[in-house]
Structure formats: structure tokens, C-alpha cells
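Have a look below at one chain only, the form predicted alone, in C-alpha cells format.
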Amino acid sequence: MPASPAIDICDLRVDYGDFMAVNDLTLQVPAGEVFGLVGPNGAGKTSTFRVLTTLMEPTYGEVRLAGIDIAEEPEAARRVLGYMPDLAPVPSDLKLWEFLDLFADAHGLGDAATRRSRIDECLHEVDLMPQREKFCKTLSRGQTQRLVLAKTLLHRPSVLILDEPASGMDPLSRRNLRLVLRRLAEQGATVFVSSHILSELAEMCTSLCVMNKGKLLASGTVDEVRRVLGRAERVVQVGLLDREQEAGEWLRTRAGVSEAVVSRRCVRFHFTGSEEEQADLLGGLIAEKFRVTSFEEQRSTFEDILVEVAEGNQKGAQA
């Protein structure tokens, strides 16, 4: 039997008066995934996270974390949950280890020696051990984010909800964050993370979903989501050893091809056919004895996709 999903959302709806923030969201995230949530402002990401972290009740719908119904057993759900809000405040007058000890004690992590050991493990995990004795007020924004992540890891949660965890981090810290999240997933934890840095989210996550206006638009691997939401028309570039002009003329006669531009040793064109038709196009070039050196599809980036989703929002509002 397949294992139960670590996060199981069924028909989730969140209303604020007449405004529907989340519209019948159904989503399952398996254990051991680093799962991304992306979408433009107003997509419903924050409301979804607030429900998952038991900070608000939905209008209706069911949510289970590690098999626990959060409506029926909120305290049990919180014990398996680690939540890192965007830009969470930290007290300026505590040292790093004191801040973490406050939460370690609240989680009931044992005596002082046991808590100290776990605190040091978490500080080491986020590369803040050298700052252990420093006051929180001395930290940069990126270091503060890493400290909050350390706090989130203290009680070894099996489900982590991270809202913009890379905010304010420098490139090295963001790379280290990706490594931390991957290690946690390899150890069996499930990480549900949102970010506006879409290219990094694609690198960080094993799977992701895209929301817009409260609805789920696509969910799956990076390539699956890109394929669902990317432009139907894509750009293809063919590398050639010779006969570029002839190849350009031949391509212009093919169905689905437009805007074929010939340059030295390549032809670049727009194509609207299926994957099978694209494969047939390559086969046709070879059958015509054009000496093809490369055949590359330039896929939509996640920035392209989100811009198109956001522009769809604006057009809908204007209509």
C-alpha cells in the first residue's frame, strides 16, 4: 500500500467576506519532498499557509498533516509541524543560544544539557555556530532568517512550512539553505516552501505547484509544471553545418512553423505543434539530408510563466 501523503489538502476554501482567497484547493504532498508553492500576489499562498499552520480556520475543507486532521487535533498537528513565517521578528536583547533555548524549553526538549546539545546541532545546521554567543540584534537580515530556520528545526518536525525562507540571504546562504532542505527531505521530512525567487525555487524543489486567484493551476515536477503552463508556441533553434537558407525555406513550408530566421549555421523559428510533430520535424530535416548539429527547444522560464499569469490577472481585472 502506498504511504499516506505528508500533507493532504481536500476542497480547501478560504473566504474573507465576499472575497474568496482560496477556491476548493485539493493537493497532496508525499513525505520526503521539497515542495514549492508559487504564484503572483493575491494567489492565495498566504491564506493556504495560515490554514496549514493552524493560525486560522478555513471556510470549509479538510487538511491532514502526517495523517493528523488539523481541525480535530490541532495540538497534535502542531507537534509535527515546523513553521517559519516571512521575516519573523526576534528579540534584540537575547543571545542566539538564549533565543533558541526559549523555544527548546517550550517544546519540552529535556534538561538544560539536552537542550544545549540540540541548539548547537541546529546552529551548526544553518552555519551560525560561530555567532552562538552574539546578541540577535547584531545579525544581518539573512542571518536572522537562518536563526529562525534553526528555531523551526529544534523539535525535529516531520512537516515544515517555510514562507520565503531565502528572503535577505546572500547567494552563499541561499545555496546552503537548499542543501539543508534537501538533507531534511532525505531524512524523511516534508518541506512546503514558498518563494518569489522562482528560478531558485525550481532548483530547490523536487516538485511544485502554481496558484492564481485562489485556484491551483498546475502541480508536479518542474518540467511537468513548465509544460502545462508554458507557452503553447515555443522557440526552436536548429544548428546546421551548411545549407542554412535551404533549411529555412523548407521549414517555412511546414505546418506550425512561423517566423523562421536564418543566421550563420542555424535557423531559429516559432513552433506550435505537438511533441510528436516536433519530433517529425527533426526527422524531416534529416530525411532531406540537412546536416543537423543541434535541435534545441527554448522553454519558458518560471519568470516568464509567472509574468504571464500575473498579466492574465490584470487583463481579467480590466475586463
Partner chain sequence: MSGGTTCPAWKFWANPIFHRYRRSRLRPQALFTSVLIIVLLSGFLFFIIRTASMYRGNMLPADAERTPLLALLALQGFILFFMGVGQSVGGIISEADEGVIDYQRLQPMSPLAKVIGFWLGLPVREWTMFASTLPFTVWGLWQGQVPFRAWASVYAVLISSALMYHVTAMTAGTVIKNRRAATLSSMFVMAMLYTVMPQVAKAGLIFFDYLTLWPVLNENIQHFLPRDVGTAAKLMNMLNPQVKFYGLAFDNIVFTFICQGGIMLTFATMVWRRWRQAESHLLGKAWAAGLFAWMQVLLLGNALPLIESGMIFPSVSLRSRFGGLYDDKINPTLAEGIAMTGLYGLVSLLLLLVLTFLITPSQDTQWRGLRRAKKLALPRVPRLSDAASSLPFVAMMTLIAAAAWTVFAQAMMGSRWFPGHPLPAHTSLVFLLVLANAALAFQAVLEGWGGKRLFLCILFAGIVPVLMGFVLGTAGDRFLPLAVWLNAVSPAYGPLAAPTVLVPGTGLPLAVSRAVPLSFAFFQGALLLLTSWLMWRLRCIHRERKQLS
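Everything quoted here is computed from the prediction, not taken from an experiment. Residue numbers count along the first chain shown, from 1. For the two forms, the rigid core is made up of the largest set of C-alpha atoms that agree within 1.5 Å on superposition.
Absent from the display: the form predicted in complex with its partner chain. The rest refers to it.
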4.5 angstroms heavy atom contact with its partner chain in the model of the complex for Glu244
no
Does Ala287 reach its partner chain in the model of the complex if we count a contact as any heavy atom within 4.5 Å?
no
Can you work out whether Arg50 and its partner chain are in contact in the model of the complex, taking contact to mean some heavy atom pair no more than 4.5 Å apart?
yes
Any non-hydrogen atom of Glu164 within 4.5 angstroms of its partner chain in the model of the complex
no
Proximity to its partner chain in the model of the complex (heavy atom, within 4.5 Å), stretch among 218 to 226, 168 to 176, 122 to 130, 145 to 153:
145 to 153
If the cut-off is 4.5 angstroms on heavy atoms, which of these, Leu181, Val80, Leu201, Val236, is the one near its partner chain in the model of the complex?
Val80
Considering non-hydrogen atoms and a 4.5 Å limit, which listed residue (Ala31, Leu282, Met56, Val261) is close to its partner chain in the model of the complex?
Met56
Using the arrangement in the model of the complex, list in sequence order the residues of 89 to 126 with any heavy atom within 4.5 angstroms of its partner chain.
Pro89, Val90, Pro91, Ser92, Asp93, Leu94, Lys95, Trp97, Glu98, Phe99, Asp101, Leu102, Phe103, Asp105, Ala106, His107, Gly108, Leu109
Align both forms on the core first, then report whether Lys95 has a C-alpha shift of 2 Å or more between this form and the one not shown.
yes
